[in-house]
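Just the one chain here, the form predicted alone, laid out as structure tokens.
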């Protein structure tokens, strides 16, 4: 038994090493004084961070990515939360098909999904690039709302809702006063996963981007094609800190809500 535990701890440590080692390397290279990405870093400087804020392309693409990802996540939750509740609390013909339909964006490779959305949204519907990007990202992340929120609703005891309805509350009141407060942690988790995936989505945004509409991941890829300096490392560290801050704030909100 002890040998098995040691092997398990070793494997877990190995997994964590492969996850965090590249992040640590990126963080260290962002402080080097060399004009190229190299490890081990030489010296210490914060100049690459100042160059991130001086780069107008990075700033404008960050604003676009943040705004569109936030809007796409909001749309996904507005669709996914009531949809997950309806699927969890009702039985009807075709229920399994509808569930599979909303889970399908994660089953299809993002490159294939991006090309399909480009063909349908831009070529057929002729929407402008920003509207197409917003709709495409919302479609790609709505599955997180269905999966995570749906799991939270399934774990919620239906007797609580029945008790509220027996006291005179209607379905709408039960949903807003009983269900939503009890699944707030699931909603926050769905928001985090959906937002981060929408913000970092590269294959789909490549197909749906256009002149003057470039997301931050695409801008980073374009930059590193011609520049191999640690500016991208510094930007990556800032994005990691942003994700960490969002997670900490969300956790605080969930705890205060409880």
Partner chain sequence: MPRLREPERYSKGGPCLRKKSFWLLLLPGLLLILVFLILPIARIVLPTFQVEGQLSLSLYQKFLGDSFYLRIFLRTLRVGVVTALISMVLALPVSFYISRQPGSRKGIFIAMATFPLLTNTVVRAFAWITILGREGILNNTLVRLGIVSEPLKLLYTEGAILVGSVYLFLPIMLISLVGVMENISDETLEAAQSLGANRLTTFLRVVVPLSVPGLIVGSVLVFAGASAAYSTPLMLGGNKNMLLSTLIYQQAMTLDNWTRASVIATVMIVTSYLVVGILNQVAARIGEKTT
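Residue numbers count along the first chain shown, from 1. What you see is a predicted model; the values in this text were computed from it and never measured.
One more form of this protein exists, namely the form predicted in complex with the partner chain; it is left out here, but the text below deals with it.
**Student:** Even though the partner isn't displayed, in the model of the complex is residue 249 close enough to the partner chain, meaning a heavy atom within 4.5 Å?
**Tutor:** Residue-level check for residue 249: no, no contact with the partner chain.
**Student:** Going by a heavy atom distance of 4.5 Å, is residue 67 a contact of the partner chain in the model of the complex?
**Tutor:** Judged by the heavy-atom cut-off of 4.5 Å, residue 67 is well away from the partner chain in the model of the complex.
**Student:** Do residue 233 and the partner chain come within 4.5 Å of each other in the model of the complex, heavy atoms counted?
**Tutor:** Residue 233: contacts the partner chain in the model of the complex.
**Student:** Flag residue 224 as yes or no: does it have a non-hydrogen atom within 4.5 angstroms of any non-hydrogen atom of the partner chain in the model of the complex?
**Tutor:** Yes.
**Student:** Though the partner chain is not shown, can you say which of 188, 174, 148, 156 has a heavy atom within 4.5 Å of it in the model of the complex?
**Tutor:** Checking each option against the partner chain in the model of the complex, the one that comes within 4.5 Å is 156.
**Student:** Within 9-38, which residues come within 4.5 Å of the partner chain in the model of the complex, counting heavy atoms only?
**Tutor:** Heavy-atom contacts within 4.5 Å come from 9, 11, 12, 15, 16, 18, 19, 20, 22, 23, 25, 26, 37.
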